[in-house]
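One chain follows as structure tokens, the form predicted alone.
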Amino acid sequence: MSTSSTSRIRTLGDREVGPGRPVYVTGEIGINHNGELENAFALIDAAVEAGCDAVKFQKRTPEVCTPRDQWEIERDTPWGRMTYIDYRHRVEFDEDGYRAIDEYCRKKGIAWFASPWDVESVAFLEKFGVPAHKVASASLTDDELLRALRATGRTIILSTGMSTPKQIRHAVEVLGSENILLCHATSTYPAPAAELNLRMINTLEAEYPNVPIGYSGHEVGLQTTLAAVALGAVFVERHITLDRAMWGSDQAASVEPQGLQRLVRDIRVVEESLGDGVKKVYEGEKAAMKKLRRVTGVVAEAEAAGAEREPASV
């Protein structure tokens, strides 16, 4: 294996992620659980059944992440009319909630981690020994948060939606490139195909030769995520939901359980089909060649003759 490919390997728990490794598939639960542990458990089950490697949540300290002038604004929710700050608390799990999630994931044999949106949430997640931390695209410019994440020493997955090349470069400098995985992303919910710009995966590969490149998708449908894998994404994240019609801002851009099963299945087919890029005649082709190739051709004859003249290895 080349030095460049080994330098692109990162560790997530007991798994290696990068070129030559199986694509790491994460089901992004986010806040699609709507603050209900039963929903979280059902989404974990769906991810396990589909064959995902991990599920991901979002963790916020509401008083830090909600602008003070929005706290008292009232809004309609599935639990009645309440202030925005009360709503933000309603969709967050406390330590007991995450203890239950941690125990459930261990029982089901799937990893979990989260996107902390503030420094206090980093310390909260560190209590659970998560395999990685995720930086949401919206947090890419938060240097204080990035420094706190770097200090954990864990692998940091950085999404690059809503960000300019200079902002991405600065975030990489703050985090350090040795322990990060970059995810191409477009932060439109849902994102139209014309805005996905999947060739950015290759642009990021060229720009950051020592960093593995993944894809965090917010589109509707599955085929563009498969295209991202074909283009070289070594990590894939898609929002998941029990029902796209459920209440919540991320539900419409999420994948339902049956779609998730198809997505993981097809990712495995695509990665198997990519091969190593070295042309060869497969055993399965030889019978067809014998039956269908009428003219052997001078090149094939010359190669056969050359093979006969080669001395046997000692």
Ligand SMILES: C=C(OP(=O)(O)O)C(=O)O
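All residue numbers refer to positions in the sequence shown, first residue = 1. Only a predicted model underlies this, so the values are computations on that prediction, with no experimental measurement involved.
The following text describes the form predicted together with the ligand, which does not appear among the structures shown.
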| item | value |
| --- | --- |
| Heavy atom within 4.5 Å of the ligand in the model of the complex - the one residue of 58, 66, 39, 261 that qualifies | 58 |
| 136, 229, 211, 130 - the one with a heavy atom within 4.5 Å of the ligand in the model of the complex | 136 |
| Residue 237, heavy atom within 4.5 angstroms of the ligand in the model of the complex | yes |
| Exercise: residue 154 in contact with the ligand in the model of the complex, heavy atom 4.5 Å | no |
| Any non-hydrogen atom of residue 189 within 4.5 angstroms of the ligand in the model of the complex | yes |
| The ligand contact in the model of the complex: residue 225, any heavy atom under 4.5 Å | no |
| Listed range touching the ligand, judged in the model of the complex by heavy atoms within 4.5 Å, from 171-179, 215-223, 118-126, 81-89 | 215-223 |
| Sequence-ordered list of residues in 24-43 near the ligand in the model of the complex, where near means a heavy atom within 4.5 Å | 28 |
